[in-house]
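One chain follows as structure tokens, the form predicted on its own.
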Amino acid sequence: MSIAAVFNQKGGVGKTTTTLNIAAALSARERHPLVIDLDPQASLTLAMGLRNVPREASLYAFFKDGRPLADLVRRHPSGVDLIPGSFDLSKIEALHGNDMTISRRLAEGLQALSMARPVLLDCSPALGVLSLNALLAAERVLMPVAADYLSLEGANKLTAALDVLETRLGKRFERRVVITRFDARRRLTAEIHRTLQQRFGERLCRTVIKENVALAESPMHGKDIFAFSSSSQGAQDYRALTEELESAGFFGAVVADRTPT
């Protein structure tokens, strides 16, 4: 099982959009990914067309009632499996914000699944107990960074936070940074790109996600970019990003299907 947390402490950088569309691209490549919505806003769940998910059918039931993760999985038409989030997850943050004993709950739950496929964790834009669960479960962190000054500053702060966590947890994260909302017409975009190249070097993805109307519209229809507009620039970019990350082994080795025929 390969587990990657998609995380940035700043909102509006395309974190959920990136999780949604990489998962769909992996599904098209027959990698059968599982995505888990750890954000109390449940943006990923909404973007996949699910509304008003009851607490007993969401990730909240795993944390609050101990329901196995396998019981909460839903299959999306794209072939992606989803464990939905719900607003009730905010109660986990409120009740267990200072409880470190709960921080390894997700890692333990995922171990029980025993899956040989990629898992993407869509994190809350805050370093709270839910995001800490994701980071303790993950081996890899994908950081979407929008091409603007505040996102650049947020990336620096997040990098520093991950450095501290690595020291405290005694583990290292394989990290990748992807630039989103890229607009080549703006001079600031080029400056930020150069700065990120200097800061992150080979950890910065070559593929950038360009500004694209279809990417903004597709979640309103409960669809990934490929189902919504397969020929759009957004679809081309996320295909290229997924291929780049997979070629680098970011989603683990491809395991042959051993299902009897």
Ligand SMILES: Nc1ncnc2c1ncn2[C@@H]1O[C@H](COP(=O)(O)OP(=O)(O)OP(=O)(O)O)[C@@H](O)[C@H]1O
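Start at 1 and count along the sequence shown; that's the residue number. Note that this is a predicted model, so its numbers are computed, not measured.
The same protein also has a form predicted together with the named molecule, omitted here; what follows describes it.
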Contact label in the predicted complex: Q41 to the named molecule, heavy atom within 4.5 Å: yes
Do I22 and the named molecule come within 4.5 Å of each other in the predicted complex, heavy atoms counted? no
Give a yes/no on whether S58 approaches the named molecule to within 4.5 Å in the predicted complex, heavy atoms considered. no
Is R239 close to the named molecule in the predicted complex, meaning a heavy atom pair under 4.5 Å apart or at it? no
Contact residue in the predicted complex, chosen from H32, K64, R203, K210 - any heavy atom within 4.5 Å of the named molecule: K210
In the predicted complex, the one of H96, R176, H76, R181 near the named molecule [non-hydrogen atom within 4.5 angstroms]: R181
For the interface check, one of 66-74, 188-196, 212-220, 48-56 should have non-hydrogen atoms within 4.5 Å of the named molecule in the predicted complex; which one? 212-220
Go through 1-15 residue by residue and record those having a heavy atom within 4.5 Å of the named molecule in the predicted complex; state none if no residue qualifies. K10, G11, G12, V13, G14, K15
